[in-house]
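A lone chain, given as C-alpha cells: the form predicted alone.
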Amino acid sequence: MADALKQVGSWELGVRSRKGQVTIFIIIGIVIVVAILSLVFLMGQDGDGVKPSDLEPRDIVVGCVRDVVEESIDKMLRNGGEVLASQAISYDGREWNYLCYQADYYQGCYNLHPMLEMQIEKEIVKDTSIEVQSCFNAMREDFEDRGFDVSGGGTDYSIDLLPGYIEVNLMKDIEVSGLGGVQSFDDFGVEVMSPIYDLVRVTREIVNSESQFCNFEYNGYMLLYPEYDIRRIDYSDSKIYRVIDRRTGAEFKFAVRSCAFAPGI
C-alpha cells in the first residue's frame, strides 16, 4: 500500500513539473513575441520605415511657396506693380511708381504699363523663382535627414492673377524613396488669396480715364462700387492714388502725371 502511495505521489509531482515547464515556455514565448513587436514598432519610427506620403512633402513645399508669394504680392501693391519702382515720385517718405506719365503741361498722360496684369504675373515669378527653388531644397534636406533619398526634375512655374486670388502653377517631378517604398509627386500648385486682380482692374480704369480726360471721378466711382475706397492727393504736378479693398484692407499705390499745370499759372 505504501509503495502504491509513493508511486501516485511521484506521478503527481511529474505532472506538476511538466505543467510548470509548459507555463515557463508560454511566458518565454509571450516575452519573445512582445520583444519582436516592440522592435518592429521602433524601426517604424525611423524615416526608412515610413512612407513618404505619410510625411506630406507637398505640404512642406506649398506652405513655403505660399509665404514667398504673399511677400511678393505685398511688394507689387506697394510699388505699383513692380518689385522696384522704375519711374517714380517721392512723397511721404517713399517712392510712388508712375503708371501714367506726361512730362509736358496740359496734355494727357501715356499709360506706361498697358499690360499691367501680365506684368505683375511676370514680376512675381521673377521675384520669387530663387526662393521657390529654395523651398524644394528645404524639403529635400528635411527628407534626407530622415533617411530618404530624394530626386527631382525641372521646374515649371507661372502665376495667374484671378478674381479674389492668385493661382500658383508649380510643377516639378519629385521622387522620394526609402524602405517604405517610392512615392512620386509632381503638382505643387496652390491658391493664394488676394484682391490684387480686382485692385488692378480699378487701377486700369483710373489710368485710362486720366489718359483720356486728365481726370478720374473717384467719388462717383465709389458710390457705384462701395467695396473700394479710392484716395487721391494732388502733389507737385502729380496725383498720388491709393486704391483700397475695404474687405481686406489691401491697397494698390501708384502715381499719375497728367495735364499738369505750368508753374506760375
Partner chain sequence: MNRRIVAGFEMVLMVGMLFSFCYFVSLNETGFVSAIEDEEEDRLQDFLDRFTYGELIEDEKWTSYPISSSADDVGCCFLSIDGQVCGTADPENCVEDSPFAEGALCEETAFCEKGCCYDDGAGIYDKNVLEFACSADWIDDPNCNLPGAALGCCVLGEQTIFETKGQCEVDYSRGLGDTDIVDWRSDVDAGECLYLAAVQDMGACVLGEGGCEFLNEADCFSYDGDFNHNYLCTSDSLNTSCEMTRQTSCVDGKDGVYFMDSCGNRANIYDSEKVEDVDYWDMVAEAEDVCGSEDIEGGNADNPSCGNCDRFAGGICASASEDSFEVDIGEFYCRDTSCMFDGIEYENGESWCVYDGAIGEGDDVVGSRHWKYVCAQGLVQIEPCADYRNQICVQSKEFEVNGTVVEFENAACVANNWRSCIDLNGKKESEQSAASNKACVSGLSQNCGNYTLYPGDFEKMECIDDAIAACGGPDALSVMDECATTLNCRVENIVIGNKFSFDVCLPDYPGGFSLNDERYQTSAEALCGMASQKCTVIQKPKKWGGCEYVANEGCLGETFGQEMNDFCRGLGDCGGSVNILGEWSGNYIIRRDGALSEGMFLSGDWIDALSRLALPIPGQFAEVEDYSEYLEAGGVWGGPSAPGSPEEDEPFDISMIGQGLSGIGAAMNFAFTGKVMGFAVLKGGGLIGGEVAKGYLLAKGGPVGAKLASGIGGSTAQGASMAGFASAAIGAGIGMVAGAMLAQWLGLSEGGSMLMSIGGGMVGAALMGAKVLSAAVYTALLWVGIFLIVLSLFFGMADCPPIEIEFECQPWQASIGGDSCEECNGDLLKPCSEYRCESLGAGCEFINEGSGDELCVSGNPNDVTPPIVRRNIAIGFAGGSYIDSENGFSVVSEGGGCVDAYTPLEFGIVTSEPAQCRFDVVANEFEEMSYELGSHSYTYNHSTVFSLPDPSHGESQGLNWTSELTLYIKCQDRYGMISPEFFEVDMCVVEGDDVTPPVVVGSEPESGDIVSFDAVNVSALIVTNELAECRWDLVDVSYSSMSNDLVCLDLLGRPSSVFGYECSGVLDIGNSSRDYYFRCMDQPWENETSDRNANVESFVLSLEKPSSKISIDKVEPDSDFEVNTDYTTIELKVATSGGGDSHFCSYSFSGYDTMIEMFETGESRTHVQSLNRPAGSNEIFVECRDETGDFDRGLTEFEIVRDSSTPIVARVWQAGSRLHFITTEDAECKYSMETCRFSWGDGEDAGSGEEHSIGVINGNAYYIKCKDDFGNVPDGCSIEVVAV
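Residue numbers count along the first chain shown, from 1. Computed from a prediction, not measured in an experiment: that's the story for all the values here.
There is another form of the same protein, the form predicted together with its partner chain; it is not shown, and what comes next is about it.
Participant: Based on heavy atom distances of at most 4.5 Å to its partner chain in the predicted bound form, which listed stretch, 181-189, 150-158, 70-78, 116-124, is the contact stretch?
Facilitator: Checking each option against the 4.5 Å cut-off leaves 116-124.
Participant: At 4.5 Å between heavy atoms, is residue 60 in contact with its partner chain in the predicted bound form?
Facilitator: No.
Participant: So in the predicted bound form, is its partner chain close enough to residue 134 to count as touching (4.5 Å, heavy atoms)?
Facilitator: Contact with its partner chain, no.
Participant: May I ask you to state whether residue 162 is within 4.5 Å of its partner chain in the predicted bound form, using heavy atom distances?
Facilitator: Output for residue 162 is yes: heavy atoms within 4.5 Å of its partner chain.
Participant: Although its partner chain is absent from this view, report whether residue 130 comes within 4.5 Å of it in the predicted bound form, heavy atoms only.
Facilitator: No, no contact at 4.5 Å.
Participant: Considering only 78-109, what residues come within 4.5 Å of its partner chain in the predicted bound form, judged by heavy atoms?
Facilitator: The stretch 78-109, when checked against its partner chain in the predicted bound form, contributes 82, 86, 87, 90, 91, 92, 93, 101, 102, 103, 104, 105, 106, 107, 108, 109 at the 4.5 Å heavy-atom cut-off.
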